[in-house]
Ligand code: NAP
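A single chain comes next, written as structure tokens; it is the form predicted alone.
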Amino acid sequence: MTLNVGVIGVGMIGREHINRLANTLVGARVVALADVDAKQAEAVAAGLPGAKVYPDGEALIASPDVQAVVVTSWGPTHAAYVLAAIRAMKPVFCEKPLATTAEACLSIVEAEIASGRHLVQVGFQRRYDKGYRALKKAIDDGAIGAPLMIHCAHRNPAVPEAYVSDMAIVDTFIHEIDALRWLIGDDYVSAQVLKPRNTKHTHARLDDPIIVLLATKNGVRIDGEVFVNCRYGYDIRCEVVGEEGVASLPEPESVVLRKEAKLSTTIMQDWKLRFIDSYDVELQDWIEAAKAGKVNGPNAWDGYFAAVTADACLEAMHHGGVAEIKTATRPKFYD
């Protein structure tokens, strides 16, 4: 069976997913596109035999030719499209954020439960990265005993002027929020944000770096550095300290050079290259799960929990102190 997929949003990540679905992965074909820029959608469709451009996302979702939906449009549009897909009873893969508010995420959770089917997956691709999966296996296997602390860092070489302080949480650290909770299987209960001295490479509307402190229900303490103008490269780090040992996220594969009296490896500069394989594995898994009528990856509840945690981090960053993380009771539907 081939899954007929409609993609809403043909910007950078949308075009990358379209290319994956059309040229890399198996079991799916792109039959429909929609974007606020109709000309851009037409240009992309020209390279996809048989693909039709729809006037808007709602029309695409309603089409009987579309069996499943990928949402890669502007964040504030996500909730409406995901809810429309649920009403149409069509599996939907939504890039993060699931919605821009926790309330909107909860409305998606409630709609999915009311539908009686698991339909929603959120694009937190780190769960599909082979390094993160190896790290989780070490934790789950008890190789280091019970986790006590996590130290992590998310570093970018540089960001544009339009990148402001809130984005360090909702666009950058949001990946750690989901991945760390998944790694240790433990929910957060509080958040705090510390602001060290700013780098000279930042600007007036961006505190950089910041340190996010999270505490979990089981007492694990997490410190996460976000440094988006580090200059030297794109660098993702994670170290889990347990009762019996320490487990660290492996470095991406790189050739070791011995040259001119130096030992060196290349540091990646682009997040798309760092996680390119995980995007492939993620979407292939979604295709197979959608055809089987289930969701294997991050679900609507995970998207909601990430949004609540991000809101608490923003509260702590804006007002200081420790912000409590309070969510609705996890529904049995997501057990």
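Just count from 1 along the sequence shown to find any residue number. Note that the structure is predicted; figures quoted are calculated from it, not measured.
Missing here is the form predicted in complex with this ligand; even so, the following discussion is about that form.
At least one heavy atom of residue 10 is located within 4.5 Å of this ligand in the predicted bound form. Although the partner is absent from this view, residue 175 contacts this ligand in the predicted bound form, with a non-hydrogen atom inside 4.5 angstroms. Contact annotation for residue 77: at least one heavy atom lies within 4.5 Å of this ligand in the predicted bound form.
The shortest heavy atom separation between residue 72 and this ligand in the predicted bound form is within 4.5 Å.
Screening 59-67, 27-35, 288-296, 304-312 for residues having heavy atoms within 4.5 Å of this ligand in the predicted bound form returns a single hit, 27-35. This chain is drawn without this ligand; in the predicted bound form, the residue among 118, 90, 96, 155 with a heavy atom within 4.5 Å of it is 96.
The single contact residue among 208, 225, 235, 171, judged by any heavy atom lying within 4.5 Å of this ligand in the predicted bound form, is 171.
For the marked spot (128, 182 and 252), a heavy atom within 4.5 Å of this ligand in the predicted bound form is absent from each of the three residues. Taking this ligand as positioned in the predicted bound form, none of the residues of 186-223 brings a heavy atom within 4.5 Å of it.
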